[in-house]
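Only one chain is given next, in structure tokens, and it is the form predicted alone.
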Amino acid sequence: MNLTEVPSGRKARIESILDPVTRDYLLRLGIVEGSTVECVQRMARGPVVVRKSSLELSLGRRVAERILVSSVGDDP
């Protein structure tokens, strides 16, 4: 699944970042393949807000679609 499919409040592990430019950008922010992020909010047809530690980041929908993730744990 991609990042746009993660429900708000759930955590996901980043498996792959398909776009090299996005991969480089997220690397500078400390978000890499293998990182766990929490989906804070998904806006209908808009950005996805994720949190890693104390960093909150709004990612455009097209960018979030290129980030493949897997579910983490039994979050509510």
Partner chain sequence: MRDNPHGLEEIKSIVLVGNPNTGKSVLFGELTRQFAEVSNYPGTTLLLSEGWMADFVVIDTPGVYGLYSSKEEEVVRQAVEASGIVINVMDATNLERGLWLALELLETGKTVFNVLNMWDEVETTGLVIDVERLGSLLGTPVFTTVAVKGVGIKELVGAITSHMEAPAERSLSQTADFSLDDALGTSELSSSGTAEATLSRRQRIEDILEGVLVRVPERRGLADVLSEIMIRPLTGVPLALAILGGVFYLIGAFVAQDLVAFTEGVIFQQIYEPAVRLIVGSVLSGPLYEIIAGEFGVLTMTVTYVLGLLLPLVFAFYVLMALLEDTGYLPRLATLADRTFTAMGMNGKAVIPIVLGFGCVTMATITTRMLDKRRERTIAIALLALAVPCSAQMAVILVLLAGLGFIYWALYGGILLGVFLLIGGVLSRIIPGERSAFMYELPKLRLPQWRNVLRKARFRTRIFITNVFPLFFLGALFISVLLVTGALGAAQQALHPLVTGWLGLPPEGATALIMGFVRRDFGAAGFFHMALTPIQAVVGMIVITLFIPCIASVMVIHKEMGLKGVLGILGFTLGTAFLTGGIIYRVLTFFLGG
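Only a predicted model underlies this, so the values are computations on that prediction, with no experimental measurement involved. Residue numbers count along the first chain shown, from 1.
Below: the form predicted in complex with its partner chain, not depicted.
Against its partner chain in the predicted complex, the set Val40, Ala44 and Ser58 is in full contact: each member has a heavy atom within 4.5 Å. Using a 4.5 angstroms threshold between heavy atoms, Ser53 counts as touching its partner chain in the predicted complex. Under a 4.5 angstroms non-hydrogen atom cutoff, its partner chain in the predicted complex has Gly30 among its neighbouring residues.
In the predicted complex, its partner chain sits within 4.5 Å of a heavy atom of Val63.
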